[in-house]
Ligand code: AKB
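Just the one chain here, laid out as structure tokens, in the form predicted alone.
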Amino acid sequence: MVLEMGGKILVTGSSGQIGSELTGALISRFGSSNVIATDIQSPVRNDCRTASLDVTDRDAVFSFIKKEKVSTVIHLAAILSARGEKEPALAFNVNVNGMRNILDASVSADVGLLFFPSTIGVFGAGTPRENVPVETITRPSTMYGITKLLCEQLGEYYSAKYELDVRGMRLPGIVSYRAPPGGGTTDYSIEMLRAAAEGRGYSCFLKEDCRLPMMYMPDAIDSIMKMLEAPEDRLKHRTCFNVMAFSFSPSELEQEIRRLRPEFRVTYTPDERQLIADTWPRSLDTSAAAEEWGFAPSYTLTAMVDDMLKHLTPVSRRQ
């Protein structure tokens, strides 16, 4: 990614799980004066400029991007899987209409690059369960997956028709200790680790053997930064790169936690979120991301659990 002279990096949805940390990485790389963090309510941070921006307000999006001379958009504003099933109309409006507003405003203002995260939720019935390739059957059963698949296709369309450099990757479940999760089906992993760190048991909303692709936040941030800075002519897939670091089930995570917290126990009471997880693959083929822009996660499951518990455990409980 090349920051154009006088241009700014706009981050939408910057208060979310990924946005709160990716914004900091962008500031470290490009400087606080070049990053504007936005969300539906103005983000609370003092390391860069912040503002309120509703991505479903088309006029506001056009005006903001033009007025601020935005050269790069990191479009993270979205309604995630579990919440999307409770509020499907909201998910469609934010995820699809918001994306279209961002795309159209970016074309109008000659934005140089637009990044957005897609999801493993684009997969569904008929998709292979193991080592899923980039190009395969995508038949999502959730509003979240449907909207993100449409966003992938919109990105490809705007790249071809308007020569807008649109990039995206299909993120798996992301585990982090800083910002709280935002209503996703893999949120159990963060909740379980927090419970263990605080000396509590945990009731898991997925089945104990439900394995899903996952990644630790430092690897997710590093991957996004690598993709942003990759030469455009190396990208063949553009909006649909598969990424993951490892797969695990709730019971496998429980066992890893008990390595450090032997007293920790989990009960399993699957709810409606299990129906969503049942449509997702267990592992992904990430070779396209590795070949085209250098995807190479460094954290293992064990290393992630060690680091999460180190940061989450209250000082009074640390050994």
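All values reported here derive from a predicted model rather than from experimental measurement. The first residue of the shown sequence is 1; numbering continues from there.
The same protein has a further form, the form predicted together with the named molecule, not shown here; the description that follows concerns it.
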Worksheet item: Can you pick the one in Thr185, Thr147, Ser106, Asn242 that has a heavy atom within 4.5 Å of the named molecule in the predicted complex?
Response: Thr185
Practice prompt. Could you tell me which one of Leu171, Val73, Ala77, Ile224 places a heavy atom within 4.5 Å of the named molecule in the predicted complex?
Written response: Leu171
Fill in: Stretch from 196-204, 245-253, 80-88, 227-235 whose residues place a heavy atom within 4.5 Å of the named molecule in the predicted complex
80-88
Worksheet item: Is Val166 close enough to touch the named molecule in the predicted complex, meaning at least one heavy atom pair within 4.5 Å?
Response: no
Worksheet item: With the cut-off set at 4.5 Å between non-hydrogen atoms, does Cys151 touch the named molecule in the predicted complex?
Response: no
Discussion item. Considering non-hydrogen atoms and a 4.5 Å limit, does the named molecule approach Ile102 in the predicted complex?
Written reply: no
Practice prompt. May I ask you to list the residues of 112-139 that have any heavy atom within 4.5 angstroms of the named molecule in the predicted complex, in sequence order?
Written response: Thr119, Ile120
